[in-house]
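One chain is shown next in C-alpha cells, namely the form predicted alone.
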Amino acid sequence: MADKDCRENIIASAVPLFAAKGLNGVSVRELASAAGVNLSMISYYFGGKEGLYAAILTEQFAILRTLDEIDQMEIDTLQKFELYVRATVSRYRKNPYLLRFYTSELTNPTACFETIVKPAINKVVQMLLDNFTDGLSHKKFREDLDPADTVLALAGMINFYFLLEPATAELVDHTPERDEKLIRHIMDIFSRGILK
C-alpha cells in the first residue's frame, strides 16, 4: 500500500472510533486493528495516537474554511446568513462525525481544543459577528439586539438541530430531502421570530 493510501486508510478507520469514544477511549492497538496495519504505522505517520487525533480534527474542521468564501461575497448580510445555514447543513450531511468531535472537544477538551477546535469556532463566530455588525450599521437589524447573543443563537439553532437528531428521529423528519424546508424555517425564525 502506498504511503498516501496507508495514511488515508488509518485516518478513515480512526474517524468513527475517535468520534464514538474520544481520544482517551481508543487504544493504539484498536486503531491499528481497525486500519489493518501494524501498530508502528500510527507512530510512523502521525507520531502516535495524539498526532493521529490532531490530524483528524484538522481535517474535520478544515471544512469551516469554506465560510471564508461566503464572507468575501458582495451580497446582502441576510443572504450571507442564509448561505452560512446552507453550508452548515451541507457540512453535517458530508461530515456526519463532525458534530461528535465538536461536542467531545467542548465537553472534554484535549490539547487540540486550543490549537484546532477553538480557533476554528472563533473564526466562524467572528465572521457571523462581523456580518451582523455590518447589517446593524446599514439599519437592517434591530439595534436592541446584542450581536454576540444573536449570532450564537443562529449558530446554536442549526447546530442543535443536528445534535438532537439521534434523540428526535421518531419526532422529526431529519432526511436530506427536507433540508430546503429546514433552511427556510431557520431563516424565517432568525429573521422574523416566532410571534404572530
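Residue indices: 1-based, along the sequence shown. Note that the structure is a prediction, hence the values are computed from the model and not measured.
If you look for the form predicted together with another copy of the chain, you will not find it shown, but the lines that follow are about it.
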Q.
Residue-level contact is defined here as any heavy atom of the residue lying within 4.5 Å of another copy of the chain in the model of the complex; does Asn122 satisfy this criterion?
A. yes
Q) With a 4.5 Å heavy atom cut-off, would you call Thr168 a contact of another copy of the chain in the model of the complex? A) yes
Q) Is Gly156 a contact residue for another copy of the chain in the model of the complex, using a 4.5 Å heavy atom cut-off? A) yes
Q) Using heavy atoms and a 4.5 Å limit, would one call Ala12 a contact residue for another copy of the chain in the model of the complex? A) no
Q: Verify the flagged residues Gly48, Leu83 and Glu177 against another copy of the chain in the model of the complex: is each one within 4.5 Å by a non-hydrogen atom?
A: no
Q: Choose one stretch from 61 to 69, 37 to 45, 133 to 141, 147 to 155: the one whose residues place a heavy atom within 4.5 angstroms of another copy of the chain in the model of the complex.
A: 147 to 155
(Q) At 4.5 Å, heavy atom to heavy atom, what parts of 4 to 37 sit next to another copy of the chain in the model of the complex? List them in sequence order, or say none. (A) Phe18, Ala19, Ala20, Lys21, Gly22, Asn24, Gly25
